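What follows is a single chain, given as structure tokens, in the form predicted on its own.
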Amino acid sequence: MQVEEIKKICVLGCGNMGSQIALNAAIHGFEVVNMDVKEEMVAKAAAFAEQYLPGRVKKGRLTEDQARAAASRISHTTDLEKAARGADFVIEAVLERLELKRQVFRELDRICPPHSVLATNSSFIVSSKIAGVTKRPEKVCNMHFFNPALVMELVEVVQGPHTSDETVTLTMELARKMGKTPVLLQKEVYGFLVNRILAALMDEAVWLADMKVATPEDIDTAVTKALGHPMGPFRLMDLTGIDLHYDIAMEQYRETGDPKHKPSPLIVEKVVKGEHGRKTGKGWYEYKE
């Protein structure tokens, strides 16, 4: 399949990542169905699209015709059959839990046409752990967008040992068609490129806070003012979701059994309190509407 033959894209997950990936694809000319099992998430994603597109027009980033066209190309549903049937390309953006992803891919393999590529937006879980539940492992890969997906340019494409060269080429071309800059990982590695580097910084920052060496605020200040990062590690965790970092750590701990991969006590405390970051109004920092 050539990238010009991709007409319908299915994006699974109406959370922050899924809704933005879907809207980005619609803006760049693709018919998109954004699906989630939770009605409130579907409603939230639809409301976000309705608010975002006029905002782009006001800022001069889109014309009114472009915004209307993008709005006409995106739809939202809780029906997986409706979302995936006839899709040429699927991007899964559900929670970072391996068994959930395997369950989703098993269903996608049943519903989607034989030519469909099934990509996971997972930021850590490699697709070789998922591909085995399908009858098309050569069409399964990682296509990892960064948060916020409407803004961040980079997409990591990971070629697992099962992934065909054709699938990689198609996925790279699709990323470019969606206005992104793709980089290719020619072999699987936990955490890929960016998150592997970022995790080292995050782990050290959280350890320093756990040990009460410095507050999250002062650690963020040190990283932004001395290292020149646009955002400190704790502010970044609030943006991506503290619960996401908890899930990633727990997946790695379950896989390795190594206690060093357990989430930090401070992160556990935040998750237990429901203080997940921006999306809940409070994380390491407090946020007003």
Ligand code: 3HC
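From 1 onward, residues are counted along the sequence shown. Just so we're clear, the structure is a prediction, and the values are computed from it rather than from any experiment. Whichever C-alpha set is largest while still superposing within 1.5 Å between the two forms counts as the rigid core.
Below: the form predicted together with the ligand, not depicted.
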Residue among Ser164, Thr215, Gln103, Asn147 with a heavy atom within 4.5 Å of the ligand in the model of the complex: Asn147
Position in contact with the ligand when the complex is considered in the model of the complex, options Ala200, Leu98, Val183, Met152, heavy atoms within 4.5 Å: Met152
is_contact(Ser264, the ligand) in the model of the complex, heavy atom dist at most 4.5 Å: no
Test of understanding: in the model of the complex, would Arg254 fall inside 4.5 Å of the ligand by heavy atoms? no
Partner contact for Ala222 in the model of the complex: the ligand, 4.5 angstroms, heavy atom: no
Heavy atom to heavy atom, is Gln20 within 4.5 Å of the ligand in the model of the complex? yes
Per-stretch contact check against the ligand in the model of the complex, the hit in 139-147, 78-86, 175-183, 108-116 (non-hydrogen atom, 4.5 angstroms): 139-147
If the criterion is a non-hydrogen atom within 4.5 angstroms, does every one of Arg61, Pro230 and Leu236 touch the ligand in the model of the complex? yes
Going through 172-195, which residues have a heavy atom within 4.5 Å of the ligand in the model of the complex? Please give them in sequence order. Asn195
Align on the rigid core first; then say whether the Cα of Gly60 has moved by at least 2 Å between the shown form and the other one. no
